[in-house]
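In the form predicted on its own, a lone chain appears below as structure tokens.
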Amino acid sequence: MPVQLPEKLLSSLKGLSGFNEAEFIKTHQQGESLTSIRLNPWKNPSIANNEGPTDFNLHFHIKGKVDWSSFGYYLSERPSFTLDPLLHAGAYYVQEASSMFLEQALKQSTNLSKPLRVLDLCAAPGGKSTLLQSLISNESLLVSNEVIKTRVHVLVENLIKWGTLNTIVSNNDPKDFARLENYFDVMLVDAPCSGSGLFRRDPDAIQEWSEENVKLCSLRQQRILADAWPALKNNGILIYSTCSFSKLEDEDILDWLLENFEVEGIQLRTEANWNIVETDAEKSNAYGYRFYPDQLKGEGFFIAALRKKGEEEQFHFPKNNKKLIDKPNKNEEATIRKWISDDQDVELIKRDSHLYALPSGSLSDFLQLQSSLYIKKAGVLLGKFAHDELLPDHELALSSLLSPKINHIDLSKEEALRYLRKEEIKLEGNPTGWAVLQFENRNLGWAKILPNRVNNYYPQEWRIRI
């Protein structure tokens, strides 16, 4: 059945830069489905070393590279991702190609070699947070926030799977970030929107679209930006994006920003063959970038980068009493260090008998964020002690911290799926004790091998149910 796009949407787009009504309608009626993934450079050394997706060429049918992404690839067909152990290992993230242009917005507006504090304000389910984390330095810190409580657990899960240390997950309203005045170098606001850019991928969303909803979304976007604005440093970078075609949610928001705040637009470089449309906001001439699905291999998307004007100031930490932080004792620390790779420089803290690793030198940031926000995850949860033995947590198994000296066992795909379903597995001929189970050299999680059985420690709430 042909897709019927809302006439009021089409009417509102007439006259916008790059809009071709006939081709736009035709593309939506054809309903072509594009599948793209973004590889995790921390878990794909060939990608990090610019050698290309060498082993992924065997795992997937890779159709081509996403032009504006270092780690993005199109697939020739959509596999059953749920039944792919590498997805659960955090080796890649299934992400729409247009939104990967966030990489260009960040690289072209920010010096990524410097330690940065980055906020992803509307982060669930985590696609853009994992992208940001792949680009910033190890000395930088990413705060990944989600306001809706029911969506935070998905965000936490995806960031655990991504496996890196320098990320904190919070569950706060945007207004709460005003407590962190002048703290963040970069703020991403991928704002809740009317969703018209995803009509081709999700035709059912057409029924939910209305002019009234567009107006409500625009007002919500303004409130979100105004509430969080104090947290961005002077001379800091705001990246604003939506998956909406509506001018009221895109260029008009840029005009509103320049009318109400000291901010300037940033022009981004694009290649002609990318077919990304550069637009100008009507009043301020601020630069925006539109992605039309009839002109490129991606869904509808809008993004802009802006700089907050003003004399740059350093954030001043209040005098926190670091003695309030519990530390593991010498024996506990010695035990923990055996589980962590020798090249990892981390701060170890203890909370309610659980042991955590934070990036070295980040304790002041952690204390500040803990006093201002509701923290759901910080650093890597290593595990807890019971009878002088460390019970390792799933986060440690998937993290970049885990020592290569820990016993590891590579599974076949059939064995890996049994493990991910939390079913009984047999690992004969392996030494007893803790072991990290792998698939294609990527960690899946823990098992404890006993003389007569294997205990499967895959998280119950994450198990595959098909």
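These numbers were taken from a predicted model, which means no experiment stands behind them. The numbering used is simple: start at 1 and walk along the sequence shown.
In what follows, reference is made to the form predicted together with a small molecule, a form of this protein that is not presented.
Remark: of stretches 123-131, 338-346, 368-376, 306-314, the one touching the small molecule in the model of the complex is 123-131 (heavy atom within 4.5 Å). This chain is drawn without the small molecule; in the model of the complex, the residue among L141, L382, A97, A191 with a heavy atom within 4.5 Å of it is A191. Proximity to the small molecule in the model of the complex, defined as a heavy atom within 4.5 Å, holds among R151, K233, K350, H394 only for R151. The small molecule is not shown here, and in the model of the complex it never comes within 4.5 Å of any heavy atom of G265.
In the model of the complex, P174 approaches the small molecule with a heavy atom inside 4.5 Å.
None of the heavy atoms of L358 is located within 4.5 Å of the small molecule in the model of the complex.
When contacts are judged by a 4.5 Å heavy atom cut-off, E146 counts as touching the small molecule in the model of the complex.
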